[in-house]
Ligand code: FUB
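In structure tokens, the next block holds one chain alone, the form predicted on its own.
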């Protein structure tokens, strides 16, 4: 597959988290709706309310919609805006980790559980203790342990925290100061809690210095994803207001990571959010754009395209073809 393929023409979906379960491709995306809320930098127009799960037998095959597996109405602590999610499997149970505002309009990360990857999920009564912000990505290490990366600026509220504590007046650092980092944390054995305090996932430039807050073409904004290739950890993310998907590489899960380059140039639409998955010996980038909705940034559609590496392990940049 060298050309991008749209996957779900009959539903607006975005932020795909893709995993291989039981030999099939499973996609856990956000579900966009026409909210009628004007666009703003806090993302209030992204007023999503449920999740569908999709599956594919092959990368070019039919996409099966398994219907709604979790609705905001069935989450006990819910306020509004059921944003990005990810999924994981351990010891006979499937987990969805999701971003949601509580009744005080503060984002936290919740958990819902099922015995099958496509069946309805039951949400726990409260979010993960100590969680905040958005965009959880759960990565399974080779030894079976799991780690979560999370965080997002602006509407994702990451700028409201320092050292895992809320601050009185949330703000981004000055342009010449180190950029705010995504967070990384080991999960407990039962997958229900953080096993430690979240740490900064630091990204360094080519000189070994942390990326600066003013470097909007490279610094982390949102949309964490972690994968492993040839023994190295690849952390990929969106730069937000400059609309790039970038990546950094490390020999250690905790980092520090070194910036490598751009995976995907800007697409039609404001947000860029993705996952990277290997299936049957090839690698694929799942992402979204707003072409089918005529450029409405809050109505996005899922796409997949093959992802390729150079011999040195760098990723060949894919052109997003923004218009």
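All values reported here derive from a predicted model rather than from experimental measurement. Residue numbers count along the first chain shown, from 1.
We do not show the form predicted in complex with beta-L-arabinofuranose (FUB), though everything after this point is about it.
Can you work out which of 48, 70, 267, 53 has a heavy atom no more than 4.5 Å from beta-L-arabinofuranose (FUB) in the model of the complex?
Selected option: 48.
If the cut-off is 4.5 angstroms on heavy atoms, which of these, 83, 220, 150, 235, is the one near beta-L-arabinofuranose (FUB) in the model of the complex?
Checking each option against beta-L-arabinofuranose (FUB) in the model of the complex, the one that comes within 4.5 Å is 83.
Within 4.5 angstroms, counting heavy atoms, which one of the listed stretches 83 to 91, 70 to 78, 226 to 234, 175 to 183 is next to beta-L-arabinofuranose (FUB) in the model of the complex?
Contact-bearing stretch, as computed: 83 to 91.
Are any of the heavy atoms in residue 275 no more than 4.5 Å from a heavy atom of beta-L-arabinofuranose (FUB) in the model of the complex?
No, residue 275 sits far enough from beta-L-arabinofuranose (FUB) in the model of the complex that none of its heavy atoms falls within 4.5 Å.
Verify the contact flag for residue 203: yes if a non-hydrogen atom of it lies within 4.5 Å of a non-hydrogen atom of beta-L-arabinofuranose (FUB) in the model of the complex, no if not.
Judged by the heavy-atom cut-off of 4.5 Å, residue 203 is well away from beta-L-arabinofuranose (FUB) in the model of the complex.
Using 4.5 Å between non-hydrogen atoms, is residue 288 touching beta-L-arabinofuranose (FUB) in the model of the complex?
The answer is yes: residue 288 has a heavy atom within 4.5 Å of beta-L-arabinofuranose (FUB).
Is the gap between residue 96 and beta-L-arabinofuranose (FUB) in the model of the complex 4.5 Å or less for some heavy atom pair?
No, no contact at 4.5 Å.
What residues in 15 to 42 sit within 4.5 Å of beta-L-arabinofuranose (FUB) in the model of the complex, counting heavy atoms only?
Heavy-atom contacts to beta-L-arabinofuranose (FUB) in the model of the complex: 15, 30.
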